[in-house]
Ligand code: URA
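Below you'll find only one chain, the form predicted on its own, shown as structure tokens.
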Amino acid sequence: MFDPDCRRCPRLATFLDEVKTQYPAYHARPVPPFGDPSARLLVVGLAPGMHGANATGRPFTGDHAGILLYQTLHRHGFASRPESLAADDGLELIDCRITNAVKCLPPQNKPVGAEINACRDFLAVELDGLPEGAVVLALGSIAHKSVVAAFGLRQKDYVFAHGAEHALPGGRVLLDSYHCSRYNTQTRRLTETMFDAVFARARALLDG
């Protein structure tokens, strides 16, 4: 289960202590999953952003990456409104939950392999709780690889690509998308149309 007091990664724990000193009002702790506990759609990101989830305590809230994500969730009926402003703003996710492969803010937004591995059992619990026929939507290759590893599957059998679709145990499906980061959207590696298509596919799978 999620541990709000986890300090198993020394580098991340030390960094969060430093951030909390610099920004006393920030959450600066492991960021919990957000959304419906019994959701059939689980969106998996990489890690909290410095001035986003690390500040607000809610995944993809307060930074650029969340703008497109919540707009798209709302468009496809997974969110009660198109904007996530703060952890207490009343926004609700519908049949959807958002989490991160790494629950703590990493320096330069880059967790190392040992940190991704150390956090994987939290992700494994979340994945294990998904109902049959659920959809896991991985934002970026690191999230994708962590999901595959959490299921104990071979990476070579599950190659990441935007829009790729993979069968998972228990009748579940893994969908891949490029991460909705500022860099990806501003360079047009990921367009709104591309992102929308992935969520449209998730909706079709769940409604099918």
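Computed from a predicted model, the values in this text were never measured in an experiment. One rule holds for the numbers: they count along the sequence shown, beginning at 1.
Keep in mind that the form predicted together with the ligand is not shown, yet the notes after this line are about it.
Undergrad: For the ligand, considered in the model of the complex: do all three of Leu12, Phe15 and Pro30 come within 4.5 Å of it, counting heavy atoms only?
TA: No, the whole trio is out of contact, none within 4.5 Å by any heavy atom.
Undergrad: Can you tell me whether Ala47 touches the ligand? I mean in the model of the complex, with a 4.5 angstroms heavy atom cut-off.
TA: Output for Ala47 is yes: heavy atoms within 4.5 Å of the ligand.
Undergrad: Check Ala65 for me: does it contact the ligand in the model of the complex (non-hydrogen atoms, 4.5 angstroms)?
TA: Flag for Ala65 set to yes.
Undergrad: Should Ala53 be classed as touching the ligand in the model of the complex when contacts are defined as heavy atoms within 4.5 Å?
TA: The answer is yes: Ala53 has a heavy atom within 4.5 Å of the ligand.
Undergrad: Considering non-hydrogen atoms and a 4.5 Å limit, does the ligand approach His179 in the model of the complex?
TA: The answer is yes: His179 has a heavy atom within 4.5 Å of the ligand.
Undergrad: Can you pick the stretch from 153 to 161, 166 to 174, 35 to 43, 57 to 65 whose heavy atoms fall within 4.5 Å of the ligand in the model of the complex?
TA: One stretch meets the cut-off, namely 57 to 65.
Undergrad: At a 4.5 angstroms cut-off on non-hydrogen atoms, which residues of 90 to 109 are near the ligand in the model of the complex? List them in order.
TA: Only Asn100 sits within 4.5 Å of the partner.
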